[in-house]
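In structure tokens, the next block holds one chain alone, the form predicted on its own.
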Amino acid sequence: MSALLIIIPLLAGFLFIPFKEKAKYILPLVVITTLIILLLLSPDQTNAMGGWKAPFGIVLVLDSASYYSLLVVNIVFLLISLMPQIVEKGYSVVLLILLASTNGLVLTGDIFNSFVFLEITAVAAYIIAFSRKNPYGAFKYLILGGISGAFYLLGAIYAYIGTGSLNFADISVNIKEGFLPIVALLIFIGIGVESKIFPLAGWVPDVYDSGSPLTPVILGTGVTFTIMYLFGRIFITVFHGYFLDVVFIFGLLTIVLGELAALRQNKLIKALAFSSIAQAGLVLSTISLGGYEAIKFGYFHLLNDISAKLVLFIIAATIAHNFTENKIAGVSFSIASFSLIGFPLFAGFRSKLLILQLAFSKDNYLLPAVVLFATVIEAAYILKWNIKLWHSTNTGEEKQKISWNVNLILLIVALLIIFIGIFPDLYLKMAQNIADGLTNYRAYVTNVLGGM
């Protein structure tokens, strides 16, 4: 039944290609349907496609990690579908295809199948990146994405050579030590573009600054979370933490360079794009500390970040003048941006505090130093933009105004950020379930291979 999470949006997307204008009405219905199906499923099942059992056939794996990741991604798509004003004309069909591919990417238990879904996700992302006629950003994204996809495919090929299998669980058990370094390196490069790790994140500012709120919102939230799940599934469940020490260094560099670049920006959307790069570096660095708590706190911070970015990207791409004309958007922006910095009583404070405590407990002083440095930089440019947007009479070019339904959703998400800052258990529980699924290697292998 989990296959319906892929089949329904994919089928709807192809059926509505001739009726692009009507697709915006079907998008929320499809997302609601996938959420209902997901809620009816239990996070402990493996479905063999075509009756071919693992490791010989393709399997869809629904454990606690994939279940809660799907829940997050589909809720993001639902929120976007309820704001048709930010969806460019005719792009609802692309979003349906993207929903199918992200769901497939989370569900698949096969490395080649993950490559296929990764490429479908990338193609949909390229199309969205070209919205509002942004050829330079989309072309840069296309070139980098194509190169990274080739590396990912090479990694899948080497994994097959080293194990005789494409199944994640089988690779986890049987990969030969001589193949593991090259496979890990190729896969890391392969998902480095989408995970926004230095030096493969150069596409982000130009693509996010497309003039369309849809581009940064969907790529910076739903797609980002999907890729971070894939990273955890491969490097934690399949590789058992191998190569994470290398990822840690790249993560730290990504934090520092991303924040410094954000500080230099004179355009809000580009500042937030570089901030998104830096936050991805923080998530990867935290996960790379190793251990259950590190994974849990890394995904907790990721949940906080995509909540804030959902609000910030919509406002940055659509606000007309300043916040005196739209106080709801202004309050929502301030709440989300203060969470990004890590002010007390906001969600970001909770996750950053936990990350610092964990690093100190592991006698790791490099990550806290980088996080504190980055927080000072964040505070500088975030406070600058808050002051500018609350007190400036004109912030630049004329843009569309934010409608009442978008304002309402922004306010709800902003209030959720405060709620998580005071009562973090909701997000912490979700992060815990994701960490449980990613770290329980034996249960994953048993569920997929049947105890082989």
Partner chain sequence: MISLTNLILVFLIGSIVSYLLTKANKILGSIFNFLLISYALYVVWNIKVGHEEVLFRILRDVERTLKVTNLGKYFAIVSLIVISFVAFFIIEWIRKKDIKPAAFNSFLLLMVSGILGVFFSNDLLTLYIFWEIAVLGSFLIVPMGKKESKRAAIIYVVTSAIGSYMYLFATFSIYQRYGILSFEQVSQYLANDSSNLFKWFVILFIASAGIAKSGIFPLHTWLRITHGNAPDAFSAVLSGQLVKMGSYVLAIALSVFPTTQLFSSFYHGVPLLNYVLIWLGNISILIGTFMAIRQNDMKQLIAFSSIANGGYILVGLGIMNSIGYAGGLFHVFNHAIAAAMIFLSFAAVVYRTGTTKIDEMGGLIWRMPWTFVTYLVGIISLAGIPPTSGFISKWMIFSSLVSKGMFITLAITFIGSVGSFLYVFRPLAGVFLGQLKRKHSDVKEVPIIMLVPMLLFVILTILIGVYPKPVLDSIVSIENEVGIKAIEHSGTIIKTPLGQWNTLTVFTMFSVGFIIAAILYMIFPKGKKVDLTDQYTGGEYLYNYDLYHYATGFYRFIERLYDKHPSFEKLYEKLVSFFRYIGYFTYKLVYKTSPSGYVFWITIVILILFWVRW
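Residue numbers count along the first chain shown, from 1. Model, not experiment: these values are computed from the prediction.
FYI, the form predicted together with its partner chain isn't displayed, but the following is about it.
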Checklist outcome for this item: Partner contact check in the predicted bound form: of 306-314, 135-143, 225-233, 71-79, the stretch with a heavy atom within 4.5 Å of its partner chain is 135-143
Checklist entry - Is its partner chain close enough to K176, F248 and G291 in the predicted bound form that each of the three has a heavy atom within 4.5 Å of it? => result no
Checklist outcome for this item: Answer key, its partner chain contact in the predicted bound form at 4.5 Å (heavy atoms) among Y208, F338, F168, F300: the residue is F338
Next on the checklist: Test of understanding: in the predicted bound form, would F198 fall inside 4.5 Å of its partner chain by heavy atoms?
Outcome noted: yes
Item to check | is_contact(Q85, its partner chain) in the predicted bound form, heavy atom dist at most 4.5 Å | outcome: no
Checklist entry - in the predicted bound form, does G330 have a heavy atom within 4.5 Å of its partner chain? => result no
Item to check | Contact of I189 with its partner chain in the predicted bound form (heavy atom, 4.5 Å) | outcome: yes
Item to check | Residues of 340-372 having any heavy atom within 4.5 Å of its partner chain in the predicted bound form, listed in sequence order | outcome: I341, F343, P344, L345, F346, F349, R350, L353, L354, L356, Q357, F360, S361, D363, Y365, P368, A369, L372
